[in-house]
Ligand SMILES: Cc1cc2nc3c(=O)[nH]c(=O)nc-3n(C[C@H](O)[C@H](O)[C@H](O)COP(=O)(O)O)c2cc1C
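Only one chain comes next, encoded as structure tokens, the form predicted on its own.
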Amino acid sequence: MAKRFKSPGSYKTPAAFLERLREIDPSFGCDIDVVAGGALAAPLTIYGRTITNRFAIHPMEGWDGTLDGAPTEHTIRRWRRFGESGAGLIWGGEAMAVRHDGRANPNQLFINPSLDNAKILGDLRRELVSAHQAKNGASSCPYIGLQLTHSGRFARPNHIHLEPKIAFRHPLYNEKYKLADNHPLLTDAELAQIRDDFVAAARVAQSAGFDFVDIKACHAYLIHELLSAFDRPGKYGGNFENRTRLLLEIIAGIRAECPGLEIGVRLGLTDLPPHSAGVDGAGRPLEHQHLLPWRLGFGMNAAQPLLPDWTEPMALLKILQTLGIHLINVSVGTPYGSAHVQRPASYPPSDGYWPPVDPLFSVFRQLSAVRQAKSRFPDLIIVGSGYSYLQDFLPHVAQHEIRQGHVDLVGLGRMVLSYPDLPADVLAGRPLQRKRICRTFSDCTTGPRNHLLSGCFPLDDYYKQMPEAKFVKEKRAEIVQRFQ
């Protein structure tokens, strides 16, 4: 069986946890005491608006909308809980597909011309603000964005099967997902139409009252995949200027059509070759030596693609800064090929693999990428990722990273599904509610991977009482048994 690693929650004290972190890297820090009113409660000005703390809620790719792209009561509850968190920044709220064929699942929200999307999204936003103000006062309001996305290679708009819209042919992903070598590429004209759909979606977001939109350029979805399209012909592939063209055209279009609407970018700074489970269940990179020098990913070392190359990611950040894009959310890896880095966890989802290294190494890889960006571009406002795996010591590491100037905002994803009040508790100086802390069982991923709702089945009573909870728990037991 793959090696099991000691969970952060099993460390008794911050000092003991810090000792383990320092074994991983001497610069990996953890404050012993979390101070109410300290670094995590420091105000921050974003595009002229001042928020009251350094917590951000990452966008969620919901599996709980209707088939025509409208929210359900489950979606509304999630958004209200985001508001109840007390976080100063809501980054995206939802991963909103800009068109039907860009949905990552058949229940993802999307811009449907048959619906009043501005009203639907405006109502969701008002639910979030109402929940926030009920707990934090009528004068309080977080800075709220909407993430716009097209899932590209990983689109599943109609059913459980992939319906890929690809920008270039990736032999390892073709192998992993059984995609024919002659699968058609999106044409330049089709990409230009998708560009226009992003701009149209931004107009909807502005009409709905959002403060900013996020152009999703991470996790091997379409905009991110284009950053890796070294061998694509035409104006959207090949050299760096061409590979960044669609992202920059989208930004220019939004600026022209939506004056006053601010823009952020969630950017995948670096990746790894696709992994799959070895005989012991632990993740192993697919054989890729025959593909060197590596031209199949962004921010990856051509000779050693398991290592980063920061040249192009930093060049892109420079362009974004020059364009006045100062709000960047940094991620690393993909949920489809390198999930152990993108989403460090104690357990894999049902279609995943056991972490090949202590997940704390993957957390540090996330933090290191943010440090690279922040050290070179101190004027950018950067949101960090990968914190949920830290569990009981999330506030200790988060405070350290903020206090040291390594990051501006601490992004939370899975943790908010089980424990939306964590930011509010930390900011008020209350002890953490240990029974609500996400233990990274990956059930919130296993559920959607098996076409169920997205939610925290083991810890959130709302989902725990559903019949799906038993199915997801059994799936996790199967994962453990499979590799014992």
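All residue numbers refer to positions in the sequence shown, first residue = 1. Predicted, not measured: the structure shown is a model, and the values here were computed from it.
Omitted here: the form predicted together with the named molecule. The next part is about that form.
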> Heavy atoms within 4.5 Å of the named molecule in the model of the complex: does His58 have any?
Replying inline: yes
Test of understanding: in the model of the complex, would Lys165 fall inside 4.5 Å of the named molecule by heavy atoms? no
Would Ala373 sit within 4.5 Å of the named molecule in the model of the complex, counting heavy atoms only? no
- is_contact(Tyr387, the named molecule) in the model of the complex, heavy atom dist at most 4.5 Å: yes
Of the candidate stretches 203-211, 407-415, 270-278, 165-173, the one with residues having heavy atoms within 4.5 Å of the named molecule in the model of the complex is 407-415
The one residue among His400, Arg365, His219, Arg103 placing a heavy atom within 4.5 Å of the named molecule in the model of the complex is His219
As a check of understanding, the residue in Ala95, Leu128, Ile254, Ile382 with any heavy atom within 4.5 Å of the named molecule in the model of the complex should be identified as Ala95
Looking in the model of the complex, the residues of 436-475 with a heavy atom no more than 4.5 Å from the named molecule, listed in order, are Cys444, Thr445, Ser454
